[in-house]
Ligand code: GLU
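The chain below stands alone, shown as structure tokens; this is the form predicted on its own.
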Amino acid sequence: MRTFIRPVAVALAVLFVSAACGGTGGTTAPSAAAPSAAASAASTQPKFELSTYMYAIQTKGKLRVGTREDNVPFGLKNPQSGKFEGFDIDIARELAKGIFGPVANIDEKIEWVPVVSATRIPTLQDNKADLVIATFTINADRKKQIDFSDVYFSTGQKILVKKTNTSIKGPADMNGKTICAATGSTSIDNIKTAAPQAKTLALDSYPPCLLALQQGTADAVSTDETILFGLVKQDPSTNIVGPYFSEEPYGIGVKKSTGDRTGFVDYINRQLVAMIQDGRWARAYETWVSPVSNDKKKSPDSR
């Protein structure tokens, strides 16, 4: 047997060497195929139960995010690059990373859906977005229509005037004046509560309100202080006045959590806690909000 096996072993060795060297005397051994980029990406994705909405988003390949295009420093579509940027945008990107894992360009996994104050709830109810993150104040009336995450940002309402205006120094001074705010925002109701005789000018968003202030069709603009910070940055001849006269806790809006969306809010809340604990929330705040607020925070409830 030994005198038979040895020649066969030698012959097989010669055959494989010849094939490896490109010889024509044998069949080339097939090489293992390298994993495709798609297969590699799929292997690094977080694992979710098949019944979850997070798995459905993975399957579709896109997280649809409703956000603003002109709300510095929270959500802005950069006119030069065409890319979305801001505090809300960074939070949305982190949520997308939690679903799709470490991809080279997370924006390829996000479909940005522009919204204004009045279209945020309809966008969710009509299933045009998976979530809305757009300086969205949580209140009882809205919670009847949609669900919210836990608070991811806290602020309050103040007043923006021209620096030359000395007649408006606080909420009561808005009485008899024309005050601009966004249609569908809580700001309109807060103005009416603080100054019942104020005249409200409701426009789609705050850049038009700033223009109304500049042109004299509005005496002031009133909304959340952090939004006013962005307007002051655009027009340094304006000034924020008065104390807070409301509390504005921002939440991430989602369609009512029934059926396939059960557990989606819980997922978002876990991600928000992780962002606060590992410092991503604070880094986003320092990048986008600190340049206009001149402060730093580590969490939504820090002072």
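The model shown is predicted, which means the values in this text are computed figures rather than measured ones. We number the residues from 1 along the sequence you see.
Form predicted in complex with glutamic acid (GLU): not shown, discussed below.
Asker: Indicate whether Tyr250 is a 4.5 Å heavy atom neighbour of glutamic acid (GLU) in the model of the complex.
Answerer: Result yes; Tyr250 sits at the interface with glutamic acid (GLU) in the model of the complex.
Asker: Verify the contact flag for Val221: yes if a non-hydrogen atom of it lies within 4.5 Å of a non-hydrogen atom of glutamic acid (GLU) in the model of the complex, no if not.
Answerer: Residue-level check for Val221: no, no contact with glutamic acid (GLU).
Asker: Can you tell me if Arg120 lies within 4.5 angstroms of glutamic acid (GLU) in the model of the complex, counting non-hydrogen atoms only?
Answerer: Yes, Arg120 is a contact residue.
Asker: Quick one: is Val132 in contact with glutamic acid (GLU) in the model of the complex, heavy atoms, 4.5 Å cut-off?
Answerer: So Val132 does not count as contacting glutamic acid (GLU).
Asker: Could you spot which one of Leu76, Leu228, Ala195, Ala182 gets a heavy atom to within 4.5 Å of glutamic acid (GLU) in the model of the complex?
Answerer: After the contact test, the surviving option is Ala182.
Asker: What is the one choice in Lys128, Arg142, Lys97, Lys162 with a heavy atom within 4.5 Å of glutamic acid (GLU) in the model of the complex?
Answerer: It is Arg142 that has a heavy atom within 4.5 Å of the partner.
Asker: Please determine whether each residue of Phe136, Thr186 and Tyr206 possesses a non-hydrogen atom within 4.5 angstroms of glutamic acid (GLU) in the model of the complex.
Answerer: Every listed residue reaches glutamic acid (GLU) in the model of the complex, so yes.
Asker: Within 4.5 Å, heavy atoms only, one stretch in 256-264, 242-250, 55-63, 269-277 touches glutamic acid (GLU) in the model of the complex. Which?
Answerer: That would be stretch 242-250.
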